[in-house]
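The chain that follows stands alone, in the form predicted on its own, written as C-alpha cells.
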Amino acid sequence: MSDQTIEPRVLKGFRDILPWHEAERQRIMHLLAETFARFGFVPIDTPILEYTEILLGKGGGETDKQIFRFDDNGGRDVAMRYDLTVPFARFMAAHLHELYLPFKRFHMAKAFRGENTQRGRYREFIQCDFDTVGTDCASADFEIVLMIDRAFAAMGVNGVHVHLSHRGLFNALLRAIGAGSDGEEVLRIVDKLRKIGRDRVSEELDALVGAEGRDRVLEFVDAGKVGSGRETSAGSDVNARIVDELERLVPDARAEIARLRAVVECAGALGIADRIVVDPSITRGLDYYTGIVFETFLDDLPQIGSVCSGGRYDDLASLYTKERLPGVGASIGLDRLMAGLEELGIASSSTRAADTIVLYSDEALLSRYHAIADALRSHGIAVDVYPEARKIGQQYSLAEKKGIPTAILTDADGLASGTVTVRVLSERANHDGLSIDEAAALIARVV
C-alpha cells in the first residue's frame, strides 16, 4: 500500500453538503414540490449531459462562455446543462407525441456554470423550475406569478416582492428608437442596473444608442418609480398607474399592455397586489424571453439579487421542432435562496437525525432492539439504533451530537413484559413501563 494520501480537495465552485444543510435543502424542495403539485404541475427529469448544439442554440453569448463542454469517450461534443429551461424545450420537442397540451411541469435538479463564485452562487447548483407549455394566455402568465407568491408563503418566507414587466414592451420601445439591431445588448445593459448602478448604465447606453436613445430607455425604466425617492412600490393602484404610463410611452404595443394589465388585475383580485411590483427595469438578460418577465427579491436582503426569475419564452422550442410551443415559467435558485435565508436567520438549523434512538446494552438482545425500532417506525417515528454495546454515556453523547431528543432503554425484564422506557434527554427524565403505542405517542409529543 502506498504511504501517499490524496488530499481530499473539492473543485472551486463545488462543495460538499453537510447533513443539517442537506436536510434543510430537502425540506424546502419538499415544500416546493407540494406547492407545485397543488397547481396541477407534474415532475420530470432530463440528463445532466446534452449535445453541445442543444445548449448553445439560444443561451446568449455570456452563457455560452460559462458552460462545461468537452468531448466524451465516443468523441461526441457534449456539455453539462447550465439551466433547466433549454433542456426542457428539447424535452418537449422530443416527447410531444407522448404528452398533452397545455403541459405543466416542475423540475428540481442540478445545473452547472463555470462562472465566478460568490456567496449563494456556485458552479454546481440546484434550480427549481416550473413551466406551462402549449398556451399563450394571461391565465398561464398569472398562474406562474401566483405560484411564486404561494411557494414563498409555503416556505414561511415573508417580505418577498415579485417584480414584473413585459419584454415585448421593451422590444417595441427599441424598435421605436431605431435600436432594434442592438436590442439584445441594450437589454443586457439594463439588466445590470442593480449591479452597476444608473450612472454606469447611462454611460453604456449613451455609447450604444446615443443620447436620445439613452433618454428614451431610461424614461421607460423610470416609469416604475414613484415618490420623491423614486423607489419602486407595489399595490393595485400603483401598478395600474405604471401600466398606464407604459401605455403612454409605447402606445403601439396594445397586446403587450393588455397582457400586463390582465396579470396586474388578477393579482389585485386574488389579494396579492401588495406583493407585486410592475417594474420596467426588469428585462432578463437571456435572449429567449418574449413576453412577461419577472424577478423576485427578499425585501431585507436586496443585495443578494433575484431568488426566483423567469418569464414567457414563446420561441424557444422552435429550435427543436416546427410545432409552435409557447411557454412561460420561472426558476428558484435554491442555493442563493438558502444563503439569503441563513443570512436573515430564518433558515431551519435542525440537526435531528431521528426522533429517538434505541440504546444497546446486551448483545443477546440485538434482534429485539431492531424489532422495537421497527415497531416504532410503523407509528411514523424516525428511529436510530445504537450499533454496539458501549458505555451508556457514550450512547447519550452520540444522541446529543445527532440532535436526537429521546432514547429507548430496555432490558430482558422489560422485553418479557412488552414494555420499554423512554428517556427525554433534555429533561433527563425517564418514563417507564410504556407499551410501544404509548412510547410512540410520548415521542411524538416531545418532537
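Quick note: we count residues from 1 along the sequence shown, nothing fancier. This one's a predicted model, so the numbers in the text were calculated from it and none came from an experiment.
One more form of this protein exists, namely the form predicted together with another copy of the chain; it is left out here, but the text below deals with it.
Of the stretches 68-76, 168-176, 247-255, 206-214, only 68-76 has residues with a heavy atom within 4.5 Å of another copy of the chain in the predicted complex. Every residue of the trio P8, D45 and A269 has some heavy atom no more than 4.5 Å from another copy of the chain in the predicted complex. Here is the short version: of I28, V420, I381, A407, the single residue with a heavy atom within 4.5 Å of another copy of the chain in the predicted complex is I381.
The listed set L301, L193, C137, I346 contains one residue whose heavy atoms approach another copy of the chain in the predicted complex to within 4.5 Å, identified as C137. In the predicted complex, another copy of the chain lies within 4.5 Å of some heavy atom of I17.
Taking the partner from elsewhere, F297 is found to have every heavy atom lying beyond 4.5 Å of another copy of the chain in the predicted complex.
Though the partner is left out of this view, P102 does reach within 4.5 Å of another copy of the chain in the predicted complex, counting heavy atoms only. In the predicted complex, another copy of the chain stays beyond 4.5 Å of every heavy atom belonging to K391.
If you take 395-427 and check each residue for a heavy atom within 4.5 Å of another copy of the chain in the predicted complex, you get L398, K401, K402, in sequence order.
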